[in-house]
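Consider the single chain below, provided in structure tokens and representing the form predicted alone.
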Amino acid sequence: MTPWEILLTTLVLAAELALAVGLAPLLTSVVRRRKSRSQRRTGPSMIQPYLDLAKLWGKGTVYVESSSAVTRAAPLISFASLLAAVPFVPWFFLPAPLGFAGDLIVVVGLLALSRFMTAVAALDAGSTFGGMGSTRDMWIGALFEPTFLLVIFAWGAPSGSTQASTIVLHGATLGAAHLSPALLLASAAFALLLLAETGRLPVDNPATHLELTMVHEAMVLEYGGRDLALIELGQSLRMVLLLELFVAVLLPWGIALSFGLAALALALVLLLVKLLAASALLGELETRVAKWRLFRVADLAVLSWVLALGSISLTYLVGVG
């Protein structure tokens, strides 16, 4: 790469990181507003998540005496893991800035590391609720991570790669033929996976504080101040990262392939439209389903696994390419 290309790639990397962090609270707000409108309620302001994060950031942190350095380091490590996954996914430009350094399996590992750190910190605090929530969260992760890997293989089979940039570029060059039955099956499996990974209904209810049903909220009860702000921002970042991966693979058209200003501007606008539409759809879905009993989540995991396996089988039965 020439020095000019290195500079432009660095600028794209910085822009994508800033875009992901900046959009994370906004998309959370879109989901909440959509749910409120569907339930005939006014709902919170669109900037309420930003105000909540700013309020938490201005507060101090208090730790229980039984906690160790794990509790103090976990929020930062968890957030950094999610932030590190952003450059492996193409947002509005191809190739992804760090696509050469790893593929989507690296993204799965970084998401798992973030989940692991939050769960370990919940156990470290010695809280009964923390132990309950972390056990549930790790169980849910163990159920859905195999599906994540199967979906990656299903998405990557036609292009012969598990790198996000290669998958998206291959889909963009196929046109309408990209929307094959195998892709739709894999994307449906990923949609179910997304609900579990982001702690949305019917797997978890992010708005509840009922002791017997909460999962993510149970793990963060001991946190406050800047640590809680990092955790909440990280949870929103996880959602926007998975939504972006979903729309990039399913609807790859419009992403910029050159450093032209017009192409970048169009790609950015289309990205915002896709993410806002996906967030609104997620909020609408949450008004149509109820929280499932914990052990019924395994049924959802099996369904997502079967859809992903069916996608791979269909791809190789019809022919890869």
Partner chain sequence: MILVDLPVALYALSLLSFALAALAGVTSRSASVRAAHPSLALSLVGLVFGGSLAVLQLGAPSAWGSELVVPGFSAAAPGITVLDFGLTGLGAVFLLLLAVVGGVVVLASLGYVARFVHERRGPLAGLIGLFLMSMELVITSQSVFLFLLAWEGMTLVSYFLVVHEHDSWEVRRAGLFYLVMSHAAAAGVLISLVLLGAGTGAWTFSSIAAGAGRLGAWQAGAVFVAALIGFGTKAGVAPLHVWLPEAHPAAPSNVSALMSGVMIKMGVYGAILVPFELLGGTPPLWWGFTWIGLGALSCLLGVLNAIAQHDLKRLLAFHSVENIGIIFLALGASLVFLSLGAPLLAALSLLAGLFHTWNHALFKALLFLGAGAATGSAGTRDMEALGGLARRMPYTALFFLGGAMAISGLPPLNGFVSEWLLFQSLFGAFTTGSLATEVVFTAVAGVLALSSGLAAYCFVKAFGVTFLARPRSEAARSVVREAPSSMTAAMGALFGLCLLLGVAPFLLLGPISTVASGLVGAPPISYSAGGAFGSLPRPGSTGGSLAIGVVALGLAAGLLVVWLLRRMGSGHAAPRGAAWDCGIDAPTPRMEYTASGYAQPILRLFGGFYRASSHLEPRGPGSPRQGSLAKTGHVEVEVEYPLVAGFYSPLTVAVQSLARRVSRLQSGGIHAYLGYMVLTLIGLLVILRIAGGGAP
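This structure is a prediction, so every number in the text was calculated from the model and none was measured. Positions refer to the first chain, counted from 1.
The same protein also has a form predicted in complex with the partner chain, omitted here; what follows describes it.
The candidate site formed by 247, 251 and 253 is entirely out of contact with the partner chain in the model of the complex, as no residue has a non-hydrogen atom within 4.5 angstroms of it. Heavy atoms within 4.5 Å of the partner chain in the model of the complex belong, among the stretches 46-54, 26-34, 272-280, 62-70, to residues of 62-70.
None of 221, 172, 191, 94 but one reaches within 4.5 angstroms of the partner chain in the model of the complex through a heavy atom, and that residue is 221. Proximity of residue 230 to the partner chain in the model of the complex falls within the 4.5 Å heavy atom cutoff.
At a distance threshold of 4.5 angstroms between non-hydrogen atoms, residue 200 is out of contact with the partner chain in the model of the complex. When contacts are judged by a 4.5 Å heavy atom cut-off, residue 298 counts as touching the partner chain in the model of the complex. Interface residue remark: residue 86 is not counted as part of the site for the partner chain in the model of the complex, having no heavy atom within 4.5 Å.
Within 4.5 angstroms of the partner chain in the model of the complex, the stretch 115-133 places a non-hydrogen atom from each of 116, 117, 119, 120, 123, 124, 125, 126, 127, 128, 129, 131, 132, taken in sequence order.
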